[in-house]
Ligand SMILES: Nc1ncnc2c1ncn2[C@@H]1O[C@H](COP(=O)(O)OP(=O)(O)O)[C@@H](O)[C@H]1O
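The chain that follows stands alone, in the form predicted alone, written as structure tokens.
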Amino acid sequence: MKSISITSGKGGVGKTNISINLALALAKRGLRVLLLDADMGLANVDVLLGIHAERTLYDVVTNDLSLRDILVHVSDHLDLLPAHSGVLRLERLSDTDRTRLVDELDGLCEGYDALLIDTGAGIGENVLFFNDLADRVLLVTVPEPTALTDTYAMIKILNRSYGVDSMSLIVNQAATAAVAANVHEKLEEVSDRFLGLSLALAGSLPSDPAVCSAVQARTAVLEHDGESPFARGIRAMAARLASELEGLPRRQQSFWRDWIERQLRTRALSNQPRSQLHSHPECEEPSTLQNKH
């Protein structure tokens, strides 16, 4: 089982719609998928799927329920762990809360091929925690200067402070493939120059009215209009991702053990002198991202 986070430095870039449809596309390919809504304080995966979740992660944290107690069956091969919206308690997870969630994921995820984590946006503690938990991070951005700047900020923090180096880019709302390629080129250039990090392009998705229509209908785009440009792009992305997942070795140890080892590596990294981490000052930002596209 492999874990994949879908995240963004900026809100409003379509991250949750991508998470839902990518999870569904992988499930339609026969993979057993668990979708975790980790946008703790502003969760809306259940809303976008037209699901009423009677119990959520809030009940796990406050009422001592297990993750299995709140599991919601969405479709063949796809289940959801829903969160709650408008609850500060979930935005303020303690170390004990996080440790328990990681521990419980061990037993629950044994029955799945992939865990997809829809994180919140930005660089809050919960967002960084769930991205650190994932084996691979998919960063969603759009062709706007502010979105690119925030995406690079996310890349920099995950890489420098958490030692995350397995990140790929999804360019959403791209007018053409050339626009998406230009966005990827700019972020790849600055990531390589300032961080020594290679940033792959996981795929691009067009602006598509079918997305808004599906949101209004409270269903996934793949179910609402399976032949729309967005749906075709999601299926292509899922095909590539499924192929990559098949070639990766299965997890040899528990989430808990893997996470602890990553935490130890992170602490060792953060204790190194900055000169050993990178020669560029923390506040330096690549000006090329400020250019219009």
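Note that residue numbering begins at 1 and tracks the sequence as displayed. Everything numeric here is computed off the predicted structure, so don't read it as measured data.
What comes next is about the form predicted together with the named molecule, which does not appear here.
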Considering the named molecule in the predicted bound form, which of Asp208, Asp97, Glu188, Asp132 comes within 4.5 Å of it through any heavy atom?
Asp208
Counting only heavy atoms and a 4.5 Å cut-off, does the named molecule in the predicted bound form sit next to every one of Ser3, Val102 and Gly107?
no
Which of 68 to 76, 124 to 132, 212 to 220, 155 to 163 sits within 4.5 Å of the named molecule in the predicted bound form, heavy atom basis
212 to 220
Does the named molecule get within 4.5 angstroms of any non-hydrogen atom of Ser85 in the predicted bound form?
no
If we define contact as a non-hydrogen atom of the residue within 4.5 angstroms of the partner, is Ser168 a contact of the named molecule in the predicted bound form?
no
Contact between Ala25 and the named molecule in the predicted bound form at 4.5 Å, heavy atoms?
no
Interface membership of Thr151, the named molecule in the predicted bound form, 4.5 Å heavy atom rule:
no
Those residues of 220 to 234 which, in the predicted bound form, come within 4.5 Å of the named molecule by heavy atom:
Phe230
